[in-house]
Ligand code: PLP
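Just the one chain here, laid out as structure tokens, in the form predicted on its own.
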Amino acid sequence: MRDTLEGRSEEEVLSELSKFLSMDVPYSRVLSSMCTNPHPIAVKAHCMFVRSNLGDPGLFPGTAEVERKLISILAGFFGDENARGYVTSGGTEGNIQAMRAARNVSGIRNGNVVVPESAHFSFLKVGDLLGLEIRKAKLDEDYRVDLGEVERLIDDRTIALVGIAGTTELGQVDDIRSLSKIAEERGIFLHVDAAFGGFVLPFLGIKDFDFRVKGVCSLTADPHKMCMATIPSGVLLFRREEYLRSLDIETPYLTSAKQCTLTGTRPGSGAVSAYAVIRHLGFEGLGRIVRECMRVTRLLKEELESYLTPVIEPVTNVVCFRCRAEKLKAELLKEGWYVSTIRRPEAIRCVIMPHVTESVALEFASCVKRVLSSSPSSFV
């Protein structure tokens, strides 16, 4: 069948795209997302390198050098300047690749991975793609992984343990040191999913989740979250070179002989936008932004805790309140606010990213109070 699509002027196409863009929700009313508006310098860097393909580094040696520099900076930031890795599309790819490395190094096929019940849904993809059984360990009363449950689920076909540093639902942090001890005693690979917490926890003085903990073998963290890089931008790091090399496949028609990444064509924009933000703000500047988000998080908790009970004291810039969550979420949506819900325990979930300023948080809190006051028994 002949293609009858006719070309249009640039003005017409951009006008059409502007209409689609206007349909998207502005971040200023969003408390459900762990992403945020990218930093202006990230956008500029992204546009500078928009044609770059890290999948063929010989053609883009400058972009590849930026990635190497970023990995070197973050390796030291996460406690081991000798760590190796690459820039991913985000935590999902990082988790898949970490488990693929654990499987390849162990030599065990059809093995199992022990994760917390709070683990990100990407581990369901891990199980499906890699043919691994995902065993979920229950949580303790603080919503951290129950260490006794982890030990109970381990057997001789366990290829990896997983700890979460900044859970998606509550922002909670598992006891990585204790998981490390279990992993070392059993000779098992330990992966830390710090997709969210990686660029939050160090600025709050919490550093016992990364390569400073001896048993941690790999870590993923996402610059496109609190580091305000453009989407997509994630980082996967391994303590030892052999883990990264276990992912290599030959790429004979490219400018590199081998490739360890999951995707072939990779945008350079994720690496350069993250690098630009870090070089521009420095870790001191990023720390100020994190601490301000935590201040606003605590402010929101204080504003609402006489109306709703927080699930836990916020550890990161996530605060959840027990309620009839779906009903309250629906009412808030009518007012133009976007929150998410969690099921166990039933609660609304608010993520206080840099776009949620103090004034936004207070406006949101005022709306919640008004909705609750209209019919208290309907929501609590």
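Residues carry their position along the shown sequence, with the first being 1. Because the structure is a prediction, the values reported are computed rather than measured.
This protein has a second form, the form predicted together with the named molecule, left out of what is shown; the following refers to that one.
Trainee: Only one of Lys301, His120, Arg84, Arg135 comes within 4.5 Å of the named molecule in the model of the complex by heavy atoms, so just point that one out.
Mentor: Of Lys301, His120, Arg84, Arg135, the residue with a heavy atom within 4.5 Å of the named molecule in the model of the complex is His120.
Trainee: Can you pick out, from Thr230, Gln259, Thr297, Thr168, the residue that has a heavy atom within 4.5 Å of the named molecule in the model of the complex?
Mentor: Selected option: Thr168.
Trainee: Can you say which of 260-268, 73-81, 200-208, 218-226 gets within 4.5 Å of the named molecule in the model of the complex, counting heavy atoms only?
Mentor: Looking at the other structure, the answer is 218-226.
Trainee: Can you tell me whether Leu236 touches the named molecule? I mean in the model of the complex, with a 4.5 angstroms heavy atom cut-off.
Mentor: Heavy-atom contact with the named molecule at 4.5 Å: absent for Leu236.
Trainee: Against the named molecule in the model of the complex, would Asp174 count as a contact residue? Criterion: heavy atoms within 4.5 Å.
Mentor: The answer is no: Asp174 has no heavy atom within 4.5 Å of the named molecule.
Trainee: Counting only non-hydrogen atoms and a 4.5 angstroms cut-off, does Val145 reach the named molecule in the model of the complex?
Mentor: Flag for Val145 set to no.
Trainee: Tell me, yes or no, whether Thr92 is in contact with the named molecule in the model of the complex, where a contact means a heavy atom of each within 4.5 Å.
Mentor: Thr92: contacts the named molecule in the model of the complex.
Trainee: Which residues from 180-206 come close to the named molecule in the model of the complex, meaning a heavy atom within 4.5 Å?
Mentor: Asp193, Ala195, Phe196 sit within 4.5 Å of the partner.
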